[in-house]
Structure formats: structure tokens, C-alpha cells
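So this first bit is one chain, no partners, the form predicted on its own, shown in C-alpha cells.
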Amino acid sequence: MTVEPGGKIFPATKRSSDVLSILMSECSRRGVEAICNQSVHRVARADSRFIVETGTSSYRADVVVIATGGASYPATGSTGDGYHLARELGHTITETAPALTPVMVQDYAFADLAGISFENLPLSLFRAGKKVRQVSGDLLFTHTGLSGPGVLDLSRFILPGDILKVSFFPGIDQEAVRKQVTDAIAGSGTRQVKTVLAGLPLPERFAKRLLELAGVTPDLTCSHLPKQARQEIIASLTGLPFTVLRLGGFDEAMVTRGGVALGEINPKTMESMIVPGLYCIGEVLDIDGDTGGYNLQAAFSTGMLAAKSITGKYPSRS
């Protein structure tokens, strides 16, 4: 594995299939039988045991572990069935929604700049005129809006209608940025504004677009730059606003926010405190974390806790 700055962990090969291969290999080595192509329609409790009903068969078990994931990436089979099964057994399901998902914005002016990315930018979220959250992270322009690790992490807290403001100068006080740009323009006289902006640590096509949005022609000199246009350029560099139109759906989200209420699960064993012998692990729980391996780690860790509890209570099943 590799650990990136900020503590994010990825397979050294950067291939998720290698993680799956290791898990399947361990299952095979330990004699775990995987029964595929059978959708679980119902799990019921009967005589201190469970009855698991599929479309074609019925199984009895002392222990059931709901490890169905969330509702994101439905093409993989993770369609939210676990929430229904847990609810039918008496559990509370907190409201679910897509998380770690791209953000689509109104009047998006950067579709043709898709692929341009920025590192560790200050991202501020505003709702009804008040700042409700601020993070720093990477940003990526897409054809339809904003993505990148920083935006994906923040998406868990974003609602349609919110305003996301982005500063394009990481690690620098915004007042210092304003003074730096103001002084650069004021002291450049007959130099073209685009030439001055080209000296800033910004992608050239992005800087050009900011001038277009401010109504500045390519050949305009700094001495002829109207005060209003200068203020617009500086405001865009230090807090460019994006009004959120919508978030990406479950088919685009990396994880699901919400799930089985944590107050009904023993955090030391992952066993239900409502139904003995029932365990809930991974993303079916009301747990979601940032990008960078945290959600996988939550799945592995809760799975390990459940496995230790099960083998301790039912040694013949281990």
C-alpha cells in the first residue's frame, strides 16, 4: 500500500481489483462458500434463528451479517437492499443520500476547461448568506461542474442552492492576495492585464476565462483597467462563487450517507442491540468518511469486529 500526504491510503498498484483478489483468495483459503446469483428478498427471525429467503431458495442460520453496502454504484449490486432488510428486522434507518459525489453548478462557465485541476484550495460553503463549513482540498473542473477530492469530501454537507466559494491561492491570507494582485496591476502601467495574470500561479486558460468573465478584452492594459473589472478579477481569485444546482446521484457517488442508526448497534461487536445474532457492517451503517481509503477501512474494521464476535460466540461456525 501507499500512504499519500494527509493520510490517504491506496493499493500500491492503484488497482481496486487487487484488493478484491486478496479478499476472494482469503475466502477460498478458509473454505468460505459464496452463493451467487440469488437476490435476498427477506430475512426473518424464527425460533432464535434466521430464515433467509431468496428468489429460489431458503436458508437457516444462527447468525446473519448485513454487509450489502449502501446505494451507490448500483451496477455493482449495491442497491440499498440492506436498508430494507434491517428495517424489516426492526432497525431505524437514518435518511440516506449520495455522498462523495460531484457537484453541478448553475450557469457553469468552465465546461470547456474540463480536466484542469488545482491542489489544496480553500473551499468555503455558504448557506443563506452564512459560512457553514470550510475545508482545503484539490478541485477538478469537469464538463458539468466541480469534482476532485476536496469537493467530493465537502459534498456530504452540500445542499442545492448552497454557494461554494473557491480561493485559488492556497495557504495565503486572502487580504494578502488582494494586495498582491492590486499592487501588481497598479504597478504595471502599459503592460496588458493578461500578461500580469500570466505571472500568477494559475493555469493560463483559467486566467484567460476570468478576464472574459470580468469583461476584460485580451489587449487591455493595466492602466486602462476599470476599477470595477479589477475588483471582479480579485474577487474571483479569492472567492469565486459557484451556486449549487444539484449533487451527483447514487450512480456517481462513491458512498452513501445515512443508514442503520449507530445507536442500535454495539460498537464493540457490530451486533444489533435489537436482534441478537444480527450484525451490520460497512456502508450499510450510518457511517461515511472522506476519500482516500477511509470508507474501505471502516468496512474492513467493522467486518473484523463482527468476525471476532461471531467466532467467539459460535466457535463451531469459525
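Since we're looking at a predicted model, the values are computed, not measured. Numbers for residues come from their place in the sequence shown, where the first is 1.
There is another form of the same protein, the form predicted together with a small molecule; it is not shown, and what comes next is about it.
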- Item | Per-stretch contact check against the small molecule in the predicted bound form, the hit in 37 to 45, 271 to 279, 22 to 30, 257 to 265 (non-hydrogen atom, 4.5 angstroms) | 37 to 45
- Message: Please determine whether G189 contacts the small molecule in the predicted bound form, using a 4.5 Å cut-off between heavy atoms.
- Response: no
- Message: I'd like to know whether E283 contacts the small molecule in the predicted bound form, with contact meaning heavy atoms within 4.5 angstroms.
- Response: yes
- Does D162 make contact with the small molecule in the predicted bound form, using a 4.5 Å heavy atom cut-off? no
- Query: With a 4.5 Å heavy atom cut-off, would you call D81 a contact of the small molecule in the predicted bound form?
  - Reply: yes
- Query: Though the small molecule is not shown, can you say which of G77, P241, P218, G90 has a heavy atom within 4.5 Å of it in the predicted bound form?
  - Reply: G77
